[in-house]
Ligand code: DC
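One chain comes next, on its own, written as structure tokens: the form predicted on its own.
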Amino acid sequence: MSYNIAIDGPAGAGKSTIAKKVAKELSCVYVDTGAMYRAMALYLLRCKVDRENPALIGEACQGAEISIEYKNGEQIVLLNGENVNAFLRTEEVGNMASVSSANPKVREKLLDLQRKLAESMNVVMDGRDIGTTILPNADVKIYLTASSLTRAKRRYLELQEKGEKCDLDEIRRDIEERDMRDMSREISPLKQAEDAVLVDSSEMTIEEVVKSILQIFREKVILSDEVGKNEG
């Protein structure tokens, strides 16, 4: 029987970093939902679908089968059986993904593919609506957050390391505006699932957050399995 871990939370909370580390610790698959949306965008570009035509995008996306697997520790994104890792990070694909990811038919198709992955293997999945929409029956649900100031400081340091000029107050305002958009959008808004455990990483290191989630996993999955066996 497979188990699923859903990690939701606002932008800049460190979801992907944490999810990858948790998946590695548990030897399960980290499902990069963003990469799946990019693979879909690549498929639509190859089909030469007009990005301004939502109906055509919705129709064309049905022909894409997208999956994720790991080889030698590397995540491989498969589009109709082809490894498309080398094509996913171009500006053109990113721009198409920005448009196509808002299409209800694309979201529906990828939701179906993501659920199939979760049914067939142990997965850790992160995003804005994993525990509420994509995997409502996940064994473990985490709502990972941090104060807007903490998230802004993290982003500020990232940009500084890249040599980019940036303003902390401006970054914080952008983050708070994005939170508002994510929480108020019509389709799958960002919110904490009723049965999710809140983890506030404002005063925690990455290692402490990972340790905390692994402990929650052990309590919810490992211990409950052992209790079930003993009762049986």
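Remember, predicted model here, so these are calculated numbers, not experimental data. A residue's number is simply how far along the shown sequence it sits, counting from 1.
Just so you know, the form predicted together with the ligand exists too; it's not on screen, but the next bit is about it.
Colleague: Report whether the minimum heavy atom distance between residue 195 and the ligand in the model of the complex is within 4.5 Å.
Modeller: Looking in the model of the complex, residue contacts with the ligand do not include residue 195, since no heavy atom lies within 4.5 Å.
Colleague: Whether residue 67 contacts the ligand in the model of the complex should be assessed with a 4.5 Å heavy atom distance threshold; does it?
Modeller: No, residue 67 stays farther than 4.5 Å from the ligand in the model of the complex.
Colleague: Is residue 58 close enough to the ligand in the model of the complex to count, meaning some heavy atom within 4.5 Å?
Modeller: Residue-level check for residue 58: no, no contact with the ligand.
Colleague: Report yes if any heavy atom of residue 51 sits within 4.5 Å of a heavy atom of the ligand in the model of the complex; otherwise report no.
Modeller: Outside the cut-off, so no.
Colleague: Counting non-hydrogen atoms within 4.5 angstroms of the ligand in the model of the complex, say which of 200, 176, 182, 167 makes the cut.
Modeller: Partner contact (heavy atom, 4.5 Å) among the options: 182.
Colleague: Which residue among 85, 101, 80, 122 has a heavy atom within 4.5 angstroms of the ligand in the model of the complex?
Modeller: It is 101.
Colleague: Which one, 43-51, 159-167, 59-67, 30-38, holds residues whose non-hydrogen atoms are within 4.5 Å of the ligand in the model of the complex?
Modeller: Result for this chain: 30-38.
Colleague: Could you pull out the residues of 76-93 that have any heavy atom within 4.5 Å of the ligand in the model of the complex?
Modeller: Heavy-atom contacts to the ligand in the model of the complex: only 89.
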